[in-house]
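One chain follows as structure tokens, the form predicted on its own.
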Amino acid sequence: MSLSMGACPHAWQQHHLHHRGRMWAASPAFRRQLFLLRSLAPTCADGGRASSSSLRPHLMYAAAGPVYEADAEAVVRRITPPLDRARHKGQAGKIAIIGGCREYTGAPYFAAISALRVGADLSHVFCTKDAATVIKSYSPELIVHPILEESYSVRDDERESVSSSILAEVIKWMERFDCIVVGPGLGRDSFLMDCVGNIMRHARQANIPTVVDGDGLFLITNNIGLVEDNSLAILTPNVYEYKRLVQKVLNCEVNEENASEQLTALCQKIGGVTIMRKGKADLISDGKKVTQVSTFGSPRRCGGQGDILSGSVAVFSSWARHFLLSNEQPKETSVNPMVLGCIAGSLLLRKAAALAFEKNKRSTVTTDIIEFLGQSLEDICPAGR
């Protein structure tokens, strides 16, 4: 199917959809998907696997073809590393947040502290000097680097040298990180955006997975080359950010009737990236297939939940990548760790939000949800397993 049809196709007839769905269910790609889900099944107490029936994906025939409802709990259990006395600090994940300016200090904090609450060992924040003291005051658990600059604090004749200095400082730390998150509280200052673009280029060269959220999505929408053909990049747009991406990349409007096919086309057009389209159900694709997580979370839509998600996805993606590398999955059956990270992060946020709402109802705020991340993970994957 051509890209133009995938991006903005005409309405399809129902019988054609049914026929296409049956063909897909019988295809080698579908059988490989079944195998991958089974291989990710949690190991049972007796050393066996969970039953294959509990792992079978629910095939839904949407207007854009099949959408898999992820067995997200199985994914979480499989990729979450066991707590082992032989491990040392840093082996459970070192995450960095690139964001935080004088106007926005909450978002980078939410993302960074969520990474720790999920189970990362270390969480860094690279922010502007104005934001650093404020973010440090929120928690002593975070390692805060006040190195970013905005236009108002840099003379025109200093820009090149300051930009080089910022990049050099980040490079000192970059290869220590298992994943970085770009965008929470970043703002839209032009000089700051340019500096962060340079950081993203270096992260790509160093093969560091990168989650892009918030103002980071504004940055890449205007410079797609920053993530183009990067299989270690994850984009997590909300409804408005997704609309801008579709308009920019596919040159059309969002097509809800053909949502999964349009999402696939968007991933393919950018090339290799994983996109999690946030919504009532989170749709996740790397351009090969579409998976959804539709577990109900909370009707309370307080700001900051996207920051929790980005920090959580960063941790789970790094865990999934380590798990797959350690287990040497055969190339022909390999699964994308970035997709697994999105599935796990989506489920954990939804479960934590549900628990927070059960307790606090309309007064639920982001910090309430963060407090339930640990319990939500423990319910799915007990620490003493």
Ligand SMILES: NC(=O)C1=CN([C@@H]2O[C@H](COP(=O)(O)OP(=O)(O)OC[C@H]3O[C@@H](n4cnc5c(N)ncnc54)[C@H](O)[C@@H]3O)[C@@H](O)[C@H]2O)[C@@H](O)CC1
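From 1 onward, residues are counted along the sequence shown. Because the structure is predicted, anything quoted here is derived from the model rather than measured.
Below: the form predicted in complex with this ligand, not depicted.
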So which of 285, 80, 105, 262 gets a non-hydrogen atom within 4.5 Å of this ligand in the predicted bound form?
105
Please determine, with the chain shown alone, which of 202-210, 116-124, 69-77, 185-193 has non-hydrogen atoms within 4.5 Å of this ligand in the predicted bound form.
185-193
Please check if residue 303 has a heavy atom lying within 4.5 Å of any heavy atom of this ligand in the predicted bound form.
yes
Would you please decide whether residue 255 lies within 4.5 angstroms of this ligand in the predicted bound form, comparing each non-hydrogen atom pair?
no
Is there a heavy atom of residue 87 no more than 4.5 Å from a heavy atom of this ligand in the predicted bound form?
no
Non-hydrogen atom contact residue 215 with this ligand in the predicted bound form at 4.5 angstroms
yes
Sequence order please: the residues of 213-250 with a heavy atom within 4.5 Å of this ligand in the predicted bound form.
214, 215, 238, 240, 241, 243, 244
